[in-house]
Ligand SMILES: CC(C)(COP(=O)(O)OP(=O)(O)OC[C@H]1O[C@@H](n2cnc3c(N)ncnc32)[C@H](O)[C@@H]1OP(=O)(O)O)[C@@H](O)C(=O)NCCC(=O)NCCS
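Read the single chain below, which is given as structure tokens and is the form predicted on its own.
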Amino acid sequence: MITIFPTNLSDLQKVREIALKTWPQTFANILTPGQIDYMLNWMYQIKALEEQVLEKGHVFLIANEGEKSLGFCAYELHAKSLYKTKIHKIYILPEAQGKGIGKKLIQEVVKIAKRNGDTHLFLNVNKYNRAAIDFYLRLGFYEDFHEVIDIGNGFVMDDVVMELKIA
């Protein structure tokens, strides 16, 4: 059985471990190894994760099966708009994909967002990550717009911003 719970700061190591196992496979055919390393260091060092929670208002949820952590997501209520929740991150271990964990995490964020008065979810996804885009489309998201974000060191995030109406 899959259980989902909010993290505390001591759980951020689990988030980091899932990211380190997931990213190289997820982005192997999309990003260069140099960009994968850069982004993992930028976003998933424990200090960076703590900053996301303590200073940026991100809330991490972890999905467990028994004692094993299989995936996570991070969201922010009222992001860029009074009525929108942003999913900043959602990753499932490669061996756990296809079990409905991503869908359960998004459903949990929908419940939390609605409870807090938000009417939409949105997220960024790499425009070349077709599997992720198709997953979000199946859940009812639509492609809202494209954006390119300079993340430094000569790298960019070339994304589709997807949105889901939840209320």
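Bear in mind that the values here come from a model prediction, so they are computed numbers and not experimental data. One-based numbering along the sequence shown.
Form predicted together with the named molecule: not shown, discussed below.
> Do A131 and the named molecule share at least one heavy atom pair within 4.5 Å in the predicted bound form?
Yes.
> With heavy atoms only and a cut-off of 4.5 Å, decide whether A79 touches the named molecule in the predicted bound form.
Outside the cut-off, so no.
> With the cut-off set at 4.5 Å between non-hydrogen atoms, does G100 touch the named molecule in the predicted bound form?
So G100 counts as contacting the named molecule.
> State yes or no: in the predicted bound form, is some non-hydrogen atom of A74 no more than 4.5 angstroms from a non-hydrogen atom of the named molecule?
Contact check for A74: no, nothing within 4.5 Å of the named molecule in the predicted bound form.
> Exactly one stretch in 111-119, 34-42, 136-144, 55-63 has heavy atoms within 4.5 Å of the named molecule in the predicted bound form; which is it?
Only one stretch passes the 4.5 Å heavy-atom test: 136-144.
> Looking in the predicted bound form, is the named molecule within 4.5 Å of a heavy atom from each of T22, T26 and I90?
Verified in the predicted bound form; spot residues all in contact, yes.
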